[in-house]
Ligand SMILES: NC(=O)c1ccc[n+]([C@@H]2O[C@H](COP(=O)([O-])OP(=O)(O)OC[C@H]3O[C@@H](n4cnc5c(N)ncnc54)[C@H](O)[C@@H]3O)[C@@H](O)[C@H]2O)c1
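Shown next as structure tokens: one chain only, the form predicted on its own.
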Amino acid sequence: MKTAIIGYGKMGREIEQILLERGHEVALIIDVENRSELDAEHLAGIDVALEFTTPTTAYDNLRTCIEHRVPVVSGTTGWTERLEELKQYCTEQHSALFYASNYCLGVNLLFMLNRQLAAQIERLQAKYGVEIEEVHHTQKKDSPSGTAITLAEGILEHLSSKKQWVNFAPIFDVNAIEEKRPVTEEDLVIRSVREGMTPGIHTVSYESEDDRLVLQHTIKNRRTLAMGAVIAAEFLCGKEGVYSMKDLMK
């Protein structure tokens, strides 16, 4: 498999190492210094691209790959208000896109359990409040994390008592969304914490007057994310259409 890596930060370097370990070729690396080389000439012959950049550049990067019919895997978060638009463009171009907010197998199992638990709480009409906390390293660009948003969406889909999520984050995080209005019972609170070099901890807590129920996942290192992204690239290679971790896990 002849690959391109778009975004050569810590995640991009982990992906490169795993690609080489698994016998793939890294034919193109795009980063800030050579962004102009993400074009038809340099993408020619690429079987699949892996894009892990920033919220401000992800859409254009992915659109360029799709335009030139290069299957692309992306895990960049913080831009997904335009994801549906990009999916439509991908279909029109007969290209291929694989998007996930988190490529870790354990996290995707957490997504599944989170939806099932919310549905059971709703069915039983149990009197539980629910809150999400996500803890990441101080270099993380977006707040809340894409994983936390996916967890929130799973809860909102099944729990009628919650209507929307709101984010609370440390003041020192310039990318944080500071919620100004008072929180209501219909709000699902996501608390974002940025500290040290924590790769990622996501916690969903249900609490009643009598007990507390917690789902939690901790990522030990970035390699698990990079491995999932490479496996997704292997899955996507040669395909058309729009895919997610649900498709891969099937």
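Treat the numbers as computed from the prediction; the structure is a model and nothing was measured. One-based numbering along the sequence shown.
A second form of this protein, the form predicted together with this ligand, is not displayed here; the remarks below concern that form.
Engineer: Would you please decide whether residue 198 lies within 4.5 angstroms of this ligand in the model of the complex, comparing each non-hydrogen atom pair?
Structural biologist: Outside the cut-off, so no.
Engineer: Contact with this ligand in the model of the complex for residue 54, defined as at least one heavy atom pair within 4.5 Å: yes or no?
Structural biologist: Because a heavy atom of residue 54 falls inside 4.5 Å of this ligand in the model of the complex, the answer is yes.
Engineer: Flag residue 203 as yes or no: does it have a non-hydrogen atom within 4.5 angstroms of any non-hydrogen atom of this ligand in the model of the complex?
Structural biologist: Contact with this ligand, no.
Engineer: With the partner left out of view, is residue 75 within 4.5 angstroms of this ligand in the model of the complex by any non-hydrogen atom?
Structural biologist: Close contact exists here: in the model of the complex, residue 75 approaches this ligand to within 4.5 Å, heavy atoms only.
Engineer: Flag this candidate site as yes only if 8, 31 and 35 all have a heavy atom within 4.5 Å of this ligand in the model of the complex; otherwise mark no.
Structural biologist: Heavy-atom distance to this ligand in the model of the complex: all three under 4.5 Å.
Engineer: Using a 4.5 Å heavy atom cut-off, which stretch among 190-198, 64-72, 207-215, 46-54 contacts this ligand in the model of the complex?
Structural biologist: Only one stretch passes the 4.5 Å heavy-atom test: 46-54.
Engineer: Counting only heavy atoms, which residues in 124-157 are within 4.5 Å of this ligand in the model of the complex?
Structural biologist: Residues within 4.5 Å: 140, 141, 142.
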